[in-house]
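Below you will find one chain, with nothing else, as structure tokens; this is the form predicted alone, and questions on how it binds or moves follow later.
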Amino acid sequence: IMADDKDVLRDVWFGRIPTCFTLNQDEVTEREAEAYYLLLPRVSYLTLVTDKVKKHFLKVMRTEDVEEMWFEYEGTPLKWHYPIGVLFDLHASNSVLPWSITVHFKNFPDRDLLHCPSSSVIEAHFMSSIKEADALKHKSQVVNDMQKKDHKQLWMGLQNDKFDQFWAMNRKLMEYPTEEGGFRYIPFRIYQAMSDRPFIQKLFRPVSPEGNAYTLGDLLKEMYPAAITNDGEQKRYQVVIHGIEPLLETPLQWLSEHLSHPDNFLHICVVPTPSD
């Protein structure tokens, strides 16, 4: 890996979102609940990094008033199985920091959210994403050659925020035969802020039949042409990955190797340009 590419991987891994958690006003408390501030890791999952938030609010609540904890931003329940950075970019990318999240302990919205009774549920979700991504990239050959302890190393690296431990194993998932010029297919998901559809995910190769590298712009032209601003138009959308807007000329293969989340998917958020 080139030195500056390694820096990109580090910047992605250590990206943080300052967040203010407040208790929903309808919760029954013994005394007033103060807000709780936390730097959330973009690449992790809400339910994996909020034990402290839970402990903080349980101090002012009675056990019988506590059911499964869930989170909401401006009326939208936050899907814990999407990476934190995706949730922020999708719902709050142009809002003022700290990100202000409301915490609930009752009326769990079953229609919107998956239950998350334990971290093993998060681990299962994370590992199934990695396996799905490797099926697209290498017909599952890499992940199937790994041992159980290697899978565990990926998960523990994410869970314990250990960059080197994670990447020592994850780099195997990012390799490909030089002559092929990239993965078989790029694992990506395109999310739209203004849509009820969960995300767009289809087969897309990183390299054209003639051997040219496809770009982020090529992917969008195919999957979501409305996201691209044509000459002379007002820019209607921002295309955001990890809080930044990469150039549309960026090769998709490079993005997949460097800006994928630990789950090995490239998560792309299309959000309306702020109208200020």
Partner chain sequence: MAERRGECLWKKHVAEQLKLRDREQRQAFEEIILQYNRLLEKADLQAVLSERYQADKYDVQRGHESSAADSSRSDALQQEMAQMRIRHQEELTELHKKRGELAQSVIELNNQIQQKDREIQNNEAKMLEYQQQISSLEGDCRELRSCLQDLERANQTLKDEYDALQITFSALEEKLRKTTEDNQELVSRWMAEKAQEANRLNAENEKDSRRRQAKLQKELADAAKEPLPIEADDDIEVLTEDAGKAGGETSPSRLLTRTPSKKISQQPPGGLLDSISLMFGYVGVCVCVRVSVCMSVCVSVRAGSGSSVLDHLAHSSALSLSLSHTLTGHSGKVLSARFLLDNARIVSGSYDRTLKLWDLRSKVCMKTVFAGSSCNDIVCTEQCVMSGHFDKKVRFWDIRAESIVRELELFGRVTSLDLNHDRTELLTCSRDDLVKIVDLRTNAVKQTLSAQGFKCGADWTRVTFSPDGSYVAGGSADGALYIWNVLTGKVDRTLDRNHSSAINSVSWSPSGAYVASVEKGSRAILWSDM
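Remember, predicted model here, so these are calculated numbers, not experimental data. Positions refer to the first chain, counted from 1.
The form predicted in complex with its partner chain is left out here; the points below concern that form.
- The shortest heavy atom separation between Gly243 and its partner chain in the predicted bound form is within 4.5 Å.
- Although the partner is absent from this view, Pro77 stays clear of its partner chain in the predicted bound form, with no non-hydrogen atom inside 4.5 angstroms.
- Proximity of Leu38 to its partner chain in the predicted bound form falls within the 4.5 Å heavy atom cutoff.
- Among heavy atoms of Val12, some come within 4.5 Å of its partner chain in the predicted bound form.
- For the options Leu97, Leu114, Met194, Ala124, the residue carrying a heavy atom within 4.5 angstroms of its partner chain in the predicted bound form is Leu97.
- Taking its partner chain as it sits in the predicted bound form, the stretch 247-265 comes within 4.5 angstroms of it through a non-hydrogen atom at Leu247, Glu249, Thr250, Pro251, Trp254, Leu259.
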